[in-house]
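Have a look below at one chain only, the form predicted alone, in structure tokens format.
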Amino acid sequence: MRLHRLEVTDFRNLRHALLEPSPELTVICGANGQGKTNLLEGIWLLTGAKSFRGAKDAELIRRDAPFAVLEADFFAAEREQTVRLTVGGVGSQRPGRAARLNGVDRGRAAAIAGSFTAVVFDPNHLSLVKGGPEGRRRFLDAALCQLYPGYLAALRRYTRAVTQKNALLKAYEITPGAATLLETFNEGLAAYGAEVMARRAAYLARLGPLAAHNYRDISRGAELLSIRYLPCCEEGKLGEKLQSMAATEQRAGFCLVGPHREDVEILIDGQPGKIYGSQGQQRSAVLAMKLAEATCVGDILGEHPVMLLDDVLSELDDDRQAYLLTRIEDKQTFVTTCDSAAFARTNGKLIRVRGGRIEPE
């Protein structure tokens, strides 16, 4: 997987920028607020996923512009490809994110998921261990949507069914035929939820040992990392669990069972990293998981994803920095930084960003 060219127009604070990266390491340098992370975010959007910063589509458009455009040339699946992504404002002719892949209109940007793959690591991901379960579910879903297009469809159908069921439960007593509707929603939840759970379980079974190996290397064998999937019920038993919880859910007024309530437990030396892990241990765990994610993508798809590292070296000590820089050798990687000194001994291409513009070399 290689990105050859990225051109953005009216994206965030970037009126127009052309990025022609190195096939290996590209260091995007500049002061805070100049547009470094915006470039990284633009690359990430080529995956078809939403902003890794949690931004809404409207926030991706430069102020007073009707829409943003991202165009890229990349090599994947043993051929050269092109993608054009537009982000339209509410009043534009085509609101939201739309994509054309190799000249063909694919509709919503999510439809191109899996065509261009990337793994992003930013300072906010350091809360993957100590944060709430929603962030860990999002970590799983972001990876699986790139790997398996069918997963995104199942997840969307499941999420829609949860929304519909919650609306029904809130108005259960005044809804004609509520019992029949509830049974229908539960059937959908059981079917789509089972697919989501199976994919999550299989992915974690692959990712867990890789992450444990990475962590062992980072800690030089001093500590052990383990990752455990905490499903909402036994495999194949979601339908039964929904039935058994029917009365409780009616009293609560919302859906209490399903993949949207699951979690992933991250243990360091057998203890919950969220509670007992030091900040250094938590950082090491996230780094180990992100590198394992990249390995999984490479193993499953047959080509290594593009690595996007947003100002993460400042969050890591010297040993972790050295380990990370060693692991990204020979892989296309984009790194943002305020200080390029850490990369002085690398062969990376240096790009400077100031005021939303890429400065000429």
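Because the structure is predicted, anything quoted here is derived from the model rather than measured. For every residue, the number given is its place in the sequence shown, counted from 1.
Quick note: we don't show the form predicted in complex with a small molecule, though the next part is all about it.
Novice: With the small molecule left out of view, which of Asn38, Ser51, Thr295, Thr26 would have a heavy atom within 4.5 Å of it in the predicted complex?
Specialist: It is Asn38.
Novice: Would Cys338 count as a contact of the small molecule in the predicted complex, using a 4.5 angstroms cut-off between non-hydrogen atoms?
Specialist: The answer is yes: Cys338 has a heavy atom within 4.5 Å of the small molecule.
Novice: Quick one: does Ala322 come within 4.5 Å of the small molecule in the predicted complex, counting heavy atoms only?
Specialist: Ala322: no, not in contact with the small molecule in the predicted complex.
Novice: Is Asp317 close enough to touch the small molecule in the predicted complex, meaning at least one heavy atom pair within 4.5 Å?
Specialist: Asp317: no contact with the small molecule in the predicted complex.
Novice: Does Asn32 reach the small molecule in the predicted complex, with heavy atoms at most 4.5 Å apart?
Specialist: Yes, Asn32 sits close enough to the small molecule in the predicted complex that at least one of its heavy atoms falls within 4.5 Å.
Novice: Work out which of the listed stretches, 300-308, 56-64, 43-51, 325-333, brings a heavy atom within 4.5 angstroms of the small molecule in the predicted complex.
Specialist: The contacting stretch here is 56-64.
Novice: Distance change of 3 Å or more between the C-alpha atoms of Val335 and Asp217 in the predicted complex: closer or farther compared with this structure?
Specialist: Those two alpha carbons end up closer in the predicted complex.
Novice: Versus the form shown, are the CA atoms of Val335 and Ser284 closer or farther apart in the predicted complex, given a shift of 3 angstroms or more?
Specialist: They are closer; the C-alpha distance drops by 3 Å or more in the predicted complex.
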